[in-house]
Every structure is written in C-alpha cells, then in structure tokens.
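The same protein chain appears twice below, in two forms, each given on its own as structure tokens and labelled structure 1 and structure 2.
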Structure 1
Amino acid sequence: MRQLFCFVLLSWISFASLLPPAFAAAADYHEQLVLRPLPLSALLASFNFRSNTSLSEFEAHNFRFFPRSLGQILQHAGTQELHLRFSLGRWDSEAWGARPWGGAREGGTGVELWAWLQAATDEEADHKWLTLTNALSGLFCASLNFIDGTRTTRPVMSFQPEGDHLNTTAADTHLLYGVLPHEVVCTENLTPFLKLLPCKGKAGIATLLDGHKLFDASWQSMAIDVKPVCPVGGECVLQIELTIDMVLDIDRSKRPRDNPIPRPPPGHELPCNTSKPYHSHDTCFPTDHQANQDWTLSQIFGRTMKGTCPLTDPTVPPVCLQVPDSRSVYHSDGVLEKKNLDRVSRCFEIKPDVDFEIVLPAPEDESAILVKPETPLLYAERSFTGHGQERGGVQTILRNPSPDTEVEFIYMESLPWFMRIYLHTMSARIQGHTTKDKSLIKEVYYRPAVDRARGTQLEVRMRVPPASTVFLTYDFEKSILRYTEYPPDANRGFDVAAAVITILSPAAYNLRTTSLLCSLPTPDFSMPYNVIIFTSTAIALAFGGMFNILVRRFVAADEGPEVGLAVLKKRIKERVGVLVQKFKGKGQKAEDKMVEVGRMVENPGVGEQT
C-alpha cells in the first residue's frame, strides 16, 4: 500500500499531474525534497512544502499550519487564489530537458504575481490588487508595489484557476497578472519565505536551504501557490504550497566556502585525455566535462540535513533521489532507503532526530550516471531583431521536437507601453517557408497599450506542426519618454518581461522565454534648462522678427530720427557741456572748452573726407 502511495506521489512530483484531492485533504502538512542529477554536472533540487487549513477555520482566523501573516493579507484583499514567483537564471532545456512540475511552479526572471480576486467591479478589483501588492511587497521584501497599472494585465486565455472554486463565482472573480522583470531575487527574499514554514528553517529539509547556495545556483525559482481545494464529499480546504527549485552546478558547489575562486588546478590534478599522441606532463587535452558526478549532500548544500520536521506527515518520505537503480548510493544510518518501481528513483525515510547524509561515489559505468532527461514538448527562444533605438522587432523561435504530435499553446506577452507594437506586422512562418502561414495562428487576443496608463497585452493561440520550427515575429517602435520617466541607468535599457507559453495539448505544460533588454532613445539629461532657453530663444527670434516687420512703419533711410553713435555723441556733448558749466564758474574758459568739444565733435567729419 505504502509503496503504491509513494509511487503515486513520485509520479505526481515528476510529471506534475495534480494530486487527487483525497490525499490532499488527508495530510495537513508535508514536505519533500527531490534531487535529480542533470547532464553537464548539474543537480536539480526541488523542495516542496504543502500545508492545508479548512476554509471554515480560515474564515474564523484560525490558521493552523497556514502562515498567519499571509493569511490575513489574503483575507483583507479578498484573494481567492494566489500565485507568486521569484525566479533567477534560465532553464537550459536543451541540456536539462523538461522543466520540473511541468513548468507549473516557475516564473520568468524577476517577480511574477497573479491572483483571482473577488470584487464586484474592475475598479474594486484594481483597488484590492493594489492592497495585495503593497502588502506582499512588505512581506517578501520585494518591490512588488511597483506593479502599477502599466505593469498589470488581465489575461484571458493563458491562466486557468488551479483550485476548484465553489458556486461558480466566475462573474465576480477577476484575474490580475503583474510582472517585474527587473527585480533581482536575492537572499532577503528567502528569509521571509522560510518564516512561512511551520518548522521555519530549524528542522527538516528546510535546513538545507542556505542563501549562499541557493543564489549561487544556475537557475532557481521560488513559488507560492494558495488555492482552495475541495475533495469530493469532503470539506473544502485552503492549500498553500511553497516550492523551491534550483539547479546547482556541482563542481561550483563543491568548492570550499573559504576559497571560492576557480584557480587553475595543479597540472597533475587535471583530468587529461591520455590517448592523445602529444599528451605529456605539460600538454593536456582536458576531459573534465565528464567528471563531477560524485557528490555528497553536505558538499552540495554545505551542511547535512537536521532530522525531519515533527509536524510533517510521516507517510511522505522527505527526500527522494532520481538516479538509476544500478547506481550505488550510500547514506547515513538510521535512514531507510526505498527503491521505486520506476527503477529510476529511490526515496529515503528518516528518523526525526538523525542527521541525514547521502554520498554518491563516482559511477562505475558511464551509462548509468543519471536518468536521461525527457525532452520537453516545446523549445522557445525569443530575441530582438534590428538595431538602433528607433524601432525593432521581436522574433520568437518555437521548435516542436516531437516527430508526430502537433503542439497547441497560448503565447502571452505583456509588454511595457513604451514598446509600441504593430500588430499588423505579426506573422508566423514555418522554417524553410518564406511566406507566412495563416493556419498557424488560430486566435489572437490583443489589448493595445495606452501611453503612461496601460501596457500591451497580447495572447496568441497557435500551433506548431510536428518536427518543425515556427518563427513568430512582429515589429515595434520605441517611444522616447519624458526625461523624468527614465531610471538612473537609462542607457542600460528597459527589461521586457518573459513571454508565457501555456501548452494546451498534447499535455499541460508551461514555459517562459528569457526576458529581453530594450534600449530606448535617451535625451540629454543635463539639458533641461538649456533646451528651454534655446527653444524659447528660437521662438522669440521668429516672433520678434515678424512682430517688428508687422508693427514698425517704413521710412526712407534718410528720413526719421538718427540712431546709434550720433545719439551717443550728442549725449556725450551735453554731458560734457553741463559738467564744464558746473565746473568752471568763469564763462570765458567754459566757452572755449565748449569750442574745443565742438571741434572734437567736428573731427570725425575731417576723418571722413580724408
């Protein structure tokens, strides 16, 4: 019976088919760590913590294993279902195969949040959304409060509620989706995360979660999912599931903490291909990409696991390892190892108070190092085309590896408003064909951006035929912003959130593309005063010129009052005269002074005729 149970559980873990509610209702809290070695000396570790509380108790503010801090927020914001993701790095699907949980427990780089809120109107929903984001940003030390109107969309096709909501409240439930691609996930987000756990970080698999290791991982994703689950006949429970997936680089993790610098190893330690003719003590063709399949838990996580969490459901083995049964694995005593029927995974049952440690020695035969990763249903790669800061294009390459089955999925982009996309340029073509293929795109939901108010939301339901590659492309224009709207590092560019791909058939599977960096044209930030002055001057020149011509009247050059130096001269003359008058009482001298001044004034005349 238990074997069977384990098998079911494991199959659920590795294939992400949702758990039958019956089991969910049974256990109030359990946690599990699954370790899966991956090619190129990588190791996938996925932690999963799940706890339930019945809705009635929840309403009565009686949170048992449900974290109170989060619960109150949810109640206050009228949230029915919540999904929060912190992700970093990229999943290398060529090498590592399909994503854990079928991609259901991960987000794009940065922070992603979507939730079903209960509200009568859109305005109320927005208001509650605002409350929710602000509260969560406080709780998780992330700048979720920057998810404003321009970063929020209301997806139509991409997301479906995972929980089963009673009494069809679809009318007054609103789905809102916000994403912060530029948010850098780091240790300060992990600490509040651990605080949500019943055993905090003190016991159980959570003791392996160490900030340094977690954020040195090649790819890592922290997920929080809150949803109501109603077993048939049973009472509805509110279920919170916390998931942490990380891909660790084994040889990087095995480096001692005190000396992390990858200095070149001494020559004799270098793994060489000795078959090369030129191989000698100082010439070595390296073969190290094969190595590093031997590791221990403490090497990887820097510590051993401290027993199990007493609150956890004892029926669920806390640690499972996915390597072929043929590979020998040593573990510390007081631990019961169980091989599963699928012959590629084994679980360990641990006594509450023993330190748990496993050791994988270097494998004997190359073949049995690790489980062959299953190929994903779809490969997606998104990149910008074109150059310059005026306009550009987005090109998504979607490859369907399977030889026979066609893949149908929904491709969703939520773009910032300053990327003005031209939907009429969107086209999908199969590689090899130059002309675009109408039949690939089945349905498009498009909500254009409004400047400074709303981002673009684009959802495309499309298909990729078997064993073919589809190019989905569209053009956009980069708009120039007001200089106050640029961030301090304006020339870095603006992050564009990952595209979300939700596969409908043949199986439920999610994936995200990488995020992009869009560089906008920048004004000169040191110039506001100069620009205002220059432009105003130009306008003043034009206006003044016309005004002059309009209002002043024409006269011949010789008519009208004299201007310029003549006036000046006259003024000087008077000035001098007055001065002299008041200076010398004697009229006689004053007079000939005047005469002299007079002559001085005449003189130019002389100069002229000479």
Structure 2
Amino acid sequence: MRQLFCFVLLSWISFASLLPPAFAAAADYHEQLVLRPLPLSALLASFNFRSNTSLSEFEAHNFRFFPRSLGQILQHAGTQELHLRFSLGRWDSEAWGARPWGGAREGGTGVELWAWLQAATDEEADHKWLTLTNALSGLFCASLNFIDGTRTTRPVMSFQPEGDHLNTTAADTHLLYGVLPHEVVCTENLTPFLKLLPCKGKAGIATLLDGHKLFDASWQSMAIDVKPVCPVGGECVLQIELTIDMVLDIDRSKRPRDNPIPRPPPGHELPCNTSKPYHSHDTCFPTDHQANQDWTLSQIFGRTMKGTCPLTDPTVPPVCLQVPDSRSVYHSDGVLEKKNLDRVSRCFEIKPDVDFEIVLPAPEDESAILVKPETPLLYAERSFTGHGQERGGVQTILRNPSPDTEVEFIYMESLPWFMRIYLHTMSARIQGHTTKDKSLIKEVYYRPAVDRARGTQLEVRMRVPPASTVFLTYDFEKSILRYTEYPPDANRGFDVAAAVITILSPAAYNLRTTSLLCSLPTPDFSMPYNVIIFTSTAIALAFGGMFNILVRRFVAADEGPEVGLAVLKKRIKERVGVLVQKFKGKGQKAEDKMVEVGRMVENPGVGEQT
C-alpha cells in the first residue's frame, strides 16, 4: 500500500511538472488590449503586456517570463530601472483629449531612453551608459549607439523613479537621459519587440500587431519599462511592462490591401453636413467627428485575433472595448461578454483556441456613439520665433483648461550644443499682460553646453493659474558648424528633441511637445569641392614640374639621337631581322633533334652505349 501511494504521488508530481506555467504561476504574466473610439474617425488601440520575476531568480539567471536577451544586458550594465520609448506622429490633444496612461507610456518623436544605473562615480556611470546604449542598439535594431555625450543629460527635477529602490542603493544610483529625435521608427524595431513576449506574437493579442497597420497610424508609441516592485510583506520582484499605443484612422485602415491607393468618392457619396447654412449642391462641409464609427476587428488590423496566450493570467480579460452600453456590439462564438459597472466599457473572455472577432455596426443613436474624451490637465505648444540665420527664439504656449485649479509642473528641454540660449532672456507672461510675471517661475536649473561635448540642459519649475495661458520664451544664438559636421540632408534642418513636461499637481501627468526643426547657416558645399579640385591641380602641376627638373637630363638638340621616318624604318627592319634569326635558330635546333632521334631508332645499340 505504501509503495502504491509513493507511485501515485510521484506520478502526480511528474504530471504537475508537465503542466503549462500558467497553472503554476498565472499571475506572473498577463496581457490586455483596450480599444477606445476617438473623435475624427479615429480609434485608440492600447496593447499592454506585463510579467514579473523575483529578484532572487533574476540574479540567479533563472529567466521564465522575463526575456533573457534584455535581462542579461541589464545585469551587465548594472541597470536598476529602465525606460525606453519609440514614438512617431503627434497626439491631437484638442480632439482626442487626455493621453493614454496619463502620458506615462509616451515619448517624444524618435527614441527616448532614461535609466537608473548603479555606479560609484560619474565616470563609471558614463561607461555603463555607453555599454547599455550599444547593447540596446543591437537588440532593437535602432541607432541608440549614437546617444553620445552631446545627446545625454542628467535630469535633476524631471524624472522620478517609478520602482521601489532600496535606500542602500539609492546613493550610488545615477539617472541618465538620452534622446534621438531624428530616429525613424519602423518595422525593424517592432520585430525585436515581439520577440520579448512569451508567446512571440504567435497567439493572443500580439497576433493583431502588423507592421503595415502600426506604422500607418496617425500616432504610435512603443514603450518598455523595467522596474523593481517591492510589495508590503512580500518578496521584491522585477517587473517588465511592454506597451504599444496607436491611433488608427478608421477610413484608412478599412482600405483594402489590394487597392491601397486612396481615390475620392463620387460627389453624391460624400458625407456632408446639411445643417450648415452655406450648404449647397456644389459646397460640402464635412460631417462632425461622430461619423464613420462602424468597423470590425479584421478590417482595422487586417486579421482576426488567434485565441489567447496560454501563459497569460485567466482572471484578466484579454480584450476590452470602451463604448456606451446602449451601443450594440457583435462578437464571434465562444466568447463571453461582460459589461462593466461604469456603463461605458465592456470586456470579453476568450477561449484559448477561438478566433476572436468584433463587429461594431453603425450606431442607431447619434448621441451615444463615443465616450466623451477626458480633458487633459494642460495643453502645450512649442515653436520657433525670429528670423535669420544668426539668432532665434523659442516660444512655448501653456494653457490650463481648468476654471479653478492651478497646475504646477516641471518643464525640461534637452537642446543640442549648437543652440546657445541666453538665459537672461527667459521670461513668462500671462496672455493679455504685456509685463513679465516673476511669480510664474519658481525654480530654474540650467547647465550650459560645451561645444561638441555636451548639450544644453534646462529645467524650469513653474505654474499656470486657472483658466490662463502662459507664454514661456527665450532667445538663443546659432553656432556655425564645420562642413564635415553637416548631415547629408543639411538643407532639411536639424531636429530638436521634444520638451518633457511633468505635472506635479493636481495629479501626476506627463506630456511631450512636438519636436522642432532648426535651420542653421548652411555653407555652399560646391565651394569646398571647387577648392579641393583647384588645390589638387595646382599641387599636381607644381610637383610634376619639380619632379621633371630633378629627374630628367636635358641635352642640346644636335646632341640627341637621330629622329625621323628613315630612322624609324631602319629600327623596325633591324627588329624584324632579329626576330627572324631567332625563329630560324629554333627551327634548326628542332631539325637536328629529329635527326638524332631517327638515328637512335635505326641503331638502338648506339643510343644505349651513348
């Protein structure tokens, strides 16, 4: 009986070891897709993937849900916390409202990277930062290795750690921030992103991620966040969160792939707003933002969702849709729909082997099409001022939409070294007032640039009163570069990274302004070419003449050899005679040899004796 019990116990242990990891630790990984229709015929799709691993297993190189390729880089570079952003496009806050995730998963145009590194000195931190950027450059097929000293800053007030760092390591932790505003985000960055997922994009919501759809979006952002999390009374874990947010244009996404060229519809099919007083048979004013909100999942992403990832937490619904309860939504069989208590969202529970499809038909009630977008805490716009190629200015317009709440935030800019700002010209004023208001700016941190060594770092802690618009301006001077420092597209201009705004109160919120394009004094690149050609010609003539003087021997004309046609004929005749004699000599030798061979054949003994 005891042997039977031991056999049953060992069989159960063996069977449990063969179970999928989701049964053993389902809460270690989960993924979710949230779909939210937006005004102006747009759709926000937010993909979120989160996994945890204990710090003890991570330090012991036991990788389960945490990607090994990224984990080894973090360990080698001594990275305590990492945040990486790939962004493209512009978020229209006026029409779409507040940013997803409160702006915490958003980055400026191009690539942003900031990390907390454990190092004893600044030099060691710079060395580890160089190691980290080069390794991530190879992992994500990006130009992160170009984040050198001129593109790296050390923020003082802007970025705060999101993870739980121990007090013993906080003293030796260094924050470094780098940005590449000119980096073009493409499919080469999406493929390594999908390889970090446990299901590798073969199952679950990741099957909807198509490069053609993602990079055809009006705005998209890919975020990777790695941070330590220490729950109260529990073991500390290392959490990695991968997020993809994109705003798809419904009309453009529904365009068939076999007919991608947009063609204007006939005049009688144009959706016109007939309520306008100036509407006529030859004038069409477009309909409002509540039109064109009927779509299917396969139309938007080009495919249906292939089941769910077997490693994900079953308690977290994989897909959620934010539409009012009064709107009809159809889905494929084998899917359980659950409406949330907020009456503006619903989630779907999907079986692992079911292809998931959503059909959102045209609404019957025009007043209940969309969930009203949330108003952001602050609107920000940034642009260049001035004219000419020597000096200029930067103007940032900050508008507080709240009628009764003041907004306090930190405004940070990481400028290239060739933009030398005049700090004494920085001022802030409220719209409608011509004088400066010194109470708007509370604190300023300024680190001047060093030519070809580091850029300018500017952090300003300021406030915007309720229902007010503040103008933050300053002047700068443009440096003249060497002609070898201009890129191939010098006439296009130089990209300036977006400003980072971190709102402190009334709530934590982040946002980025648009990037800028700075035009520097551009030389005529044909002039260096002309100078090089002229100099090379002059040097060749001078060297050739000097070489001839030193090497050649000059004699008088009567002392030189005879020249003329008769002399040439004589030389040719002599050369031909020499060649004829050579050929005759070769023929005589061959004839003598043949005679000798004949004698040997006729008299074999003579040859043997010889």
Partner chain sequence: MNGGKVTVGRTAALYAGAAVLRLAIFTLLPDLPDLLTGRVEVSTPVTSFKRLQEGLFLYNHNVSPYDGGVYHQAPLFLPLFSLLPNALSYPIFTYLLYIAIDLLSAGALWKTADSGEAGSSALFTSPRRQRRWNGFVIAAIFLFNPFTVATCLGRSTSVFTTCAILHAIAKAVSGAPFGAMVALAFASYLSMYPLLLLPPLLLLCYDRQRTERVKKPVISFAATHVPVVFGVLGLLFGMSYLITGSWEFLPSTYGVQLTLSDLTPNVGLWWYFFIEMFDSFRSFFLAVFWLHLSCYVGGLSVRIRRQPLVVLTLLLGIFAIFKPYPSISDTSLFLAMVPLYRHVFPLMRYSFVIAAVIMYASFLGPAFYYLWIYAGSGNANFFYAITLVWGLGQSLLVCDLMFAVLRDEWELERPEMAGKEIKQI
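What you see is a predicted model; the values in this text were computed from it and never measured. Structure 1 provides the reference sequence; residues are numbered from 1 along it. Each form is matched to the other, and the largest set of C-alpha atoms that superpose within 1.5 Å is called the rigid core.
Assignment of forms: the chain in structure 1 is the form predicted together with the partner chain, the chain in structure 2 is not.
Superposed on the core, the two forms barely differ at residue 40: its CA moves less than 2 Å between the two structures. When two forms of a protein are overlaid on their rigid core, residues whose CA moves 2 Å or more are considered shifted, and residue 534 is one of them between the two structures. Once the rigid core is used as the reference frame, the Cα position of residue 525 differs between the two structures by 2 Å or more.
The two forms line up on their rigid core, and residue 572 then has its Cα shifted by 41.4 Å between the two structures. Core-based superposition between the two structures puts the Cα shift at residue 268 at 4.2 Å.
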